[in-house]
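The data below hold one chain only, encoded as structure tokens and taken in the form predicted on its own.
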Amino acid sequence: MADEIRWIKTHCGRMDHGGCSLVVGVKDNRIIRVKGDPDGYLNRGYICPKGLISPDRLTHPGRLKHPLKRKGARGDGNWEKVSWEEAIQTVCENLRKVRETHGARGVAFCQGMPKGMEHFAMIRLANTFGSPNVVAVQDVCHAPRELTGIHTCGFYPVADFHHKSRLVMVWGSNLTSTNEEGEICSLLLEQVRNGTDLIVIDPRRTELAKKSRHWLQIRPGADNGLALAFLNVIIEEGLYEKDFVENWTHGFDELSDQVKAYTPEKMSKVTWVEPGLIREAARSYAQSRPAAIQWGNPIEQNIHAFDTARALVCVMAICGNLDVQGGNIHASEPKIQGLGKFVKADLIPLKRKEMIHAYHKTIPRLMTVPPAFFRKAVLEAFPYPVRAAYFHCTNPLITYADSQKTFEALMNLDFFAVSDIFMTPTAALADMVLPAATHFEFNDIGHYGIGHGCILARPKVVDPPEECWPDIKIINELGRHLTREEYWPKNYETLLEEVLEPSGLNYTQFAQKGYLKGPDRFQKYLSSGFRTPTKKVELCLSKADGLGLPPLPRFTGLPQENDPEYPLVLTSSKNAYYLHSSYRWLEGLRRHSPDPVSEIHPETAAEYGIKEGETVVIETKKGRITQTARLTRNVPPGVINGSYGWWFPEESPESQFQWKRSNFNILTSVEELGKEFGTPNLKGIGCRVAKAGKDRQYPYPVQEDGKIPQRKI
């Protein structure tokens, strides 16, 4: 009957990294309720606040429902509705114009966090169009861990939460608040309930820190120093797995010599962790086998990302925890189409040499352009001019480091288009805005290509508004108009069937199964060695000179040296109620986190005359913003933990939703970048803080009581 609720299984997407299995109740093409699926492979019934509220995206009155074409000056907020035919034609005409003048490499295709098949469809579009430039934020998320693993041991070492670990070391990862790709907090918490020990390395006293045997409250940005101190203890005390080191590592003697200088006593001064606690934690990890390291992307968010990731892979290796059950594994993929074939990589054989970042000599195999180098190409035409861009699943005006430079780059482009479900600060500057469907409104595949050994079915549960298209459909239509039609099917869902073809399943059958995973196979190196030049874990990189990389992990100083003008240390953390800059326009989430909050230790607040709930000015060498003070002992004295991803959807598109007011990336800079990945400093930045006063000058109003006026959503 029409009034009955139908229950449909799918997986979450675009609300978090994790990929929770959901049971969705649908009535009359409306979602009535969302529940966690107790049979979920990754979540086992868990669901986060974002997942519970996710249906509100579909019915929000501010949702984009028609293609919009800019009228008047860029950023004025004047739009006219156009048909999809005109929208596609306009985008294609402008991208072709740039290709004719500057070549295909003058067009960039840009995405934020990969959320589904749209990312790989975009790479396919870039390749078939002829552009080597897919811009993504992998410089600060995923690539440093993945590529460092590939260069060190031949694979991306992911924590195996599906098998028992004696100990899990959670390093810069806050799974109970922000589940990461392939890693849901419920699996880890189940292990903890069953006796698995925890070590937590985090500047903040997180929920996991409260459950841990050892909590190391590290100075933001000092992770490579602490990891090297761990190596010092493990090697000096002979706690490493001797058989594995002897038979399956290359360069142990060199590593041993390298880490002699990094004693806990020496590193304590830069990490703020007591030497005795460093020793206890290192011993606990080394003596608990199997043990896993759950490493989060905060370790990738400063210029020393490569050294940190290298040191941690070395810790995993010498303790015998690589590719073993319950350790950090090389996940086997199911029988699905390989990435190279799907994205038509053979059509652009010179891509590795022609990508923007190749001219900056970044690490080999980095296949997406770091945003800092993309903007340099736009603003300085180095290594060549980029004049047009297409963006989806991203809001770079808020999420790229150095937001002012992003604004300048966007304003400097000849043309750019944005696909989104809501008008954002970035979309407000675009020449064309395309209304996207949400993940409940189209068939999709999750977790393809992220190295966790599984893919997740995301069958649609309701139909989208008539003019809201899935991003993968938009990309497919652009491909059919911009490139040879043989590369693109008439129906975008055929792309999903391509991925599944080797499995022998069609999409309907896949959706019924829910997910596909590769076989559990451990210690694969015993038969074939590691996928490195020496067939061993390269503690010392055998071809470092040829790769342009340092052969051994090292500590060369903090991301920024101490500056008496900026005596405090700035960091940030993700918000449990939002995904990066998304969803502050959902009332059901905003009421839980209504304001941009900076966490400050009470001692630091007292020193600067700041009280709970007052508006404070945070300032770095790069810029200043205001946020709301929250006094807490969960952060150490001298540290400001700012809110990241903030803009104000209750404001107007003409002001780009007050993107300067509280945006953390007003405070960050791209003047200094890590060589390997083009990574800027997002953690460990020198700053100062003061109570906001009416006599100060800001680019936004401040009331007599020091509060920033807010408008209701």
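Residue numbers run from 1 along the displayed sequence. Bear in mind that the values here come from a model prediction, so they are computed numbers and not experimental data.
What follows is about the form predicted together with a small molecule, which we do not show.
- For the candidate set 301, 152, 131, 406, a heavy atom within 4.5 Å of the small molecule in the predicted bound form is found for exactly one residue, namely 301.
- Checking 574, 119, 452, 279 for any heavy atom within 4.5 Å of the small molecule in the predicted bound form turns up a single hit: 574.
- Note that among 263 to 271, 416 to 424, 535 to 543, 328 to 336, the stretch whose heavy atoms approach the small molecule to within 4.5 Å in the predicted bound form is 416 to 424.
- Here the marked residues 10, 503 and 506 all miss the small molecule in the predicted bound form; none has a heavy atom within 4.5 angstroms.
- In the predicted bound form, the small molecule sits beyond 4.5 Å of every heavy atom of residue 659.
- Though the partner is left out of this view, residue 555 does not reach within 4.5 Å of the small molecule in the predicted bound form, counting heavy atoms only.
- Taking the partner from the other structure, the small molecule in the predicted bound form has no heavy atom within 4.5 Å of any heavy atom of residue 679.
- Not displayed here, the small molecule is kept clear of residue 368 by more than 4.5 Å at the level of heavy atoms in the predicted bound form.
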